[in-house]
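Okay, so here's just one chain, in structure tokens, the form predicted on its own.
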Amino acid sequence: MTNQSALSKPYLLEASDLTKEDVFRIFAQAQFYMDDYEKGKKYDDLKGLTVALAFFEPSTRTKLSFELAAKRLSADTFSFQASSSSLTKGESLIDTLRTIEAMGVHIYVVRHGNSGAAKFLQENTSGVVVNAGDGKHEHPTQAILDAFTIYRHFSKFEGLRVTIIGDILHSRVARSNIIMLKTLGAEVRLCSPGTLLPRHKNIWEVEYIDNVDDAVEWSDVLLVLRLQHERMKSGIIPSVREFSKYYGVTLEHFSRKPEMILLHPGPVNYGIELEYEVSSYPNCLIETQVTHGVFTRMALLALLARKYK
């Protein structure tokens, strides 16, 4: 294990909880695990601690990677599924938290459909809460793994140009990435239909690019987002076909600039925001992001666990 000091705050609710120094501490710890890890190896960073995976919304990549990360660090883990809990019988969120806390949990990895849920839980527990996505608010651990992927490819952030393309309005990934990438020194722009941009357009002080062609010409990194139909009201876009025509990234776009990399937090809707053929190119780093997700979440959990050491 590296000699990294603890993070500035004993929890992670949003990207702004992390300083630039915090992010690089996480990177250094993640790189240590990547270099040192062998299949089946366990570390003792979370030995004696219990991690609850409290997912009130569906998840594949995030939930599995947190579970694997915690187990590799020797934590005791258990999963909480809202659909099979007493929440369906009218139990409140705070009572659910207290029930779980009474079982001796130290770290809560929480995904919830309501913005602010992770903050509410942190205010009502002495444990450590990690936000694994709350409503349309934030998804800070996704931003960590995206930034780590960018850093391992370019070895810098200063001077890098990142365009986030797609459904910005409903994306917690976009919010966390904008904050984190700007903190790290990258220049960020957004490319999206006007109806899929936040109403308060200058909240992040970022510029906008009108179309994918211009985004490709300007960017070193494209971060592509899916349309979040489950959070949309009707009439936001004319049709999926229209969105794909003007804001989908195609192989023709991608092949213009072989030095550019492409990221996507998943799940990918091929044929809508991204042409399937793009996924086979070596500078399309979607699978690399998944790998990095495990190691960066291991690093985050290990550093947050210093509270108990």
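A quick note: this is a predicted structure, and the numbers were derived from the prediction, not measured. One-based numbering along the sequence shown.
From this point on, the text means the form predicted in complex with a small molecule, which you will not see here.
Residues within 4.5 angstroms of the small molecule in the model of the complex, judged by any non-hydrogen atom, belong to 262 to 270 and to none of the other stretches in 276 to 284, 241 to 249, 34 to 42, 262 to 270. Only one of Q142, S171, S219, N131 comes within 4.5 Å of the small molecule in the model of the complex through a heavy atom, and that residue is Q142. At least one heavy atom of S59 is located within 4.5 Å of the small molecule in the model of the complex.
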